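The chain that follows stands alone, in the form predicted on its own, written as structure tokens.
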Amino acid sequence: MSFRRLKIRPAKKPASVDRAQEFDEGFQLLSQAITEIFRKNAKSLSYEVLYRTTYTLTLRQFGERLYHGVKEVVGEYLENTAEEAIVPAFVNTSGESAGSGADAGANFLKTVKRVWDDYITAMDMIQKFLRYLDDKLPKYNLPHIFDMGLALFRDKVIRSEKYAIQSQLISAMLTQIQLERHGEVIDRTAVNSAVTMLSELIDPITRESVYVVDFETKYLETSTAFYQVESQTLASSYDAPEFMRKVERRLEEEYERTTRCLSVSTEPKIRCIVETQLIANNLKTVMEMKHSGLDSMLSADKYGDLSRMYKLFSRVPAGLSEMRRSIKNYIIQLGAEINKTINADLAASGSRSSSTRIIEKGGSSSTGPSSNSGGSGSGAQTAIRWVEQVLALQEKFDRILEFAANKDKSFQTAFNEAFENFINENPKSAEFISLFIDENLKKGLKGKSEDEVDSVLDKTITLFRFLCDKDVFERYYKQHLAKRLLFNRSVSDDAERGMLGKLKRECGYQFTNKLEGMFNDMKLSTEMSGQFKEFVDQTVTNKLTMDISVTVLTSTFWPMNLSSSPKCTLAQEALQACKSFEQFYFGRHSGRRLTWQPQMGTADIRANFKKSKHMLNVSTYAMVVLLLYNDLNEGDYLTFGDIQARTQIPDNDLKRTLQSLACAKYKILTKGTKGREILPNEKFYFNEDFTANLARIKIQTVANRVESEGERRQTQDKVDEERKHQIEAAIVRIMKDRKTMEHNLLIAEVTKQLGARFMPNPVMIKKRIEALIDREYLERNSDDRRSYRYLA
């Protein structure tokens, strides 16, 4: 069997086709299709034929040539469109009214929008049948068909070299915005469509949108110029509240315009321009406007305007700091005026009398306060008025902080610094605050609920916090508390202990230790009075002719000098009662010493007059003076010298006692001359004709309530002496713990530890260090003379 060898031959090649002719025919078809699409005749075209033609030409390696051919066709169309459709719609600004110009500008924007919309629709259709070519373009490093179309629109229309379309477009958009700023109604959709168009076009150099490069820059420049003029107009035409309302409205308008018409990215930029031109550049101008600026708003409690200022000023970096500074200065100014007025009142009252006098109120009495005896005098009332004015000022700015400053902590700090500044500028502030508490705890809180009592005390504690020298306040408070306790003048023991608890929370146990000791003495004395009464009933053979109630005070707790007894010759009955109590007391306590303090006591005595009988509640000194008249005949008198010789009462105390008996509302004694001044040879008669409607009468004792300058210096000297011991104790505590310490660090640590009570002077601290070195508690370091070493 034989096989024939077979040969497989390749297929015969078809006759070669002219490639140039093939491209020309294909491109002619596509070019005509593009033209028809631009003419809106796309319905007559076959998508399948166009796509196959694109596919064939691309497959035949005509892709790049086809791309450039399409680009040329589209470019020609855009140039013709710009000339035929857009240029005729240019706005002619010469001889046109504002209204017609606005309409022309809107029409031009609408024309551009119509051209743009038609073009984008056409390019979308062109891209679809050129899809195969579009997918191969990255191989040629060419942009996609649609991107090429956007670039052509940018270069041939928007940035046309032949026609001023760009300037016309930007000008029309800016004009529309400017008209709206002046209150005109515009077609926002026209502006928004132009913005959308420009946002889709990309600048080839910066890679930013044409909106940012061409329009936004111009927009921000014109806006800056507009608001510079607007700023000057508003500042010169309106008061501060209306100025801020206009600014607020402008900010709202710009935000709304930007979000509705322009790009969202422009909003922070235009907002910054408005804030800078209208707010930042007018901070002081607005605050210092006469009759309407910040001071006027604060004075009139205009919370709405203040809140608006706070919100507007918070938009700019230096706004709130300037506002805080101005309010702080305003508070300091008001505080200085309060201090000046009060000090002037004190000086005026001091010029009318050698010392500021007021009438102390005693314990409970059936008599009410009167102009001569019952109420507080001008000095105390001045002090109380100062505290009330400061509290009112603080309440005012607390409301401002809450309703106008959004409870801003930085504003709270500034307010506190201002109050601390002017309160400590007044050297009498500690005494005034203590007097205010004293007045309220004595009588001012009657009829008030516990919550109201607590509110008054809380407000006072707030002022107490502002004091730098809290130890000075402590000294005055102890003096006033002592009188309230000894003379039973507190209306509420709960209120007293509540105040003590607040002070303890503020300053710690050490601050209130002695105050609590005073309360404890009063409690023990009450128990002791019952025991003494039983002792008298059981053991004393000769019954006492007077009842006596004794309060035993621990000398280290109470502010008075209890170590020595003031000279006073008591009546025989009183001396007998005192000796009886000493016998009782020493029988129960050994190793103790009693020092009688008659200047701090009171007495009830029966007084017989011609027409009436009365029970008089008087001071112990007044009792001693009145008992002298038992030995006189009717019409006899005693001179000031006689009374002083027989009683040995100190001059100042005796004068105040005689003034309360002869110059107050109830004149138990009469004096030879008119007026309140007590002369050395003044004659005093017992007033036999005295009458009153009350069976029990309280004779108030004239006392110095607000200290004179001399007394204040003495008080300060005592405070300074106490501070020396506190500074030394702090130094020893620190050095005992640290062993060695550098001078400046020791000064800083001592200041830190004592800052809650007072601000120690570095010079005083240095002197106490030297004193401790002299007493061998410390020594200087031999290696470093600026450091100290603790000696055990």
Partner chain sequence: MSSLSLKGNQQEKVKNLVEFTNISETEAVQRLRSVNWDVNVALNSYYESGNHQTVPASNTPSGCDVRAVERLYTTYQDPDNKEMIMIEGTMQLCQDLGIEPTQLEFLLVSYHLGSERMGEFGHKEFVQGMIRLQCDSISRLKQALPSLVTALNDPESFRRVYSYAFLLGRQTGQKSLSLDAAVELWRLLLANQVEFLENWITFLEQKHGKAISRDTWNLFYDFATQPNIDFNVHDSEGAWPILIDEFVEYMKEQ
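Please read all numbers here as calculations on a predicted model, not as lab measurements. Positions refer to the first chain, counted from 1.
The same protein also has a form predicted together with the partner chain, omitted here; what follows describes it.
Novice: Based on heavy atom distances of 4.5 Å or less, which listed stretch (28 to 36, 47 to 55, 740 to 748, 719 to 727) is in contact with the partner chain in the model of the complex?
Specialist: Result for this chain: 740 to 748.
Novice: Could you confirm whether Glu22 comes within 4.5 Å of the partner chain in the model of the complex, counting heavy atoms only?
Specialist: Glu22 lies outside the contact set for the partner chain.
Novice: Heavy atom to heavy atom, is Lys766 within 4.5 Å of the partner chain in the model of the complex?
Specialist: Yes, Lys766 is a contact residue.
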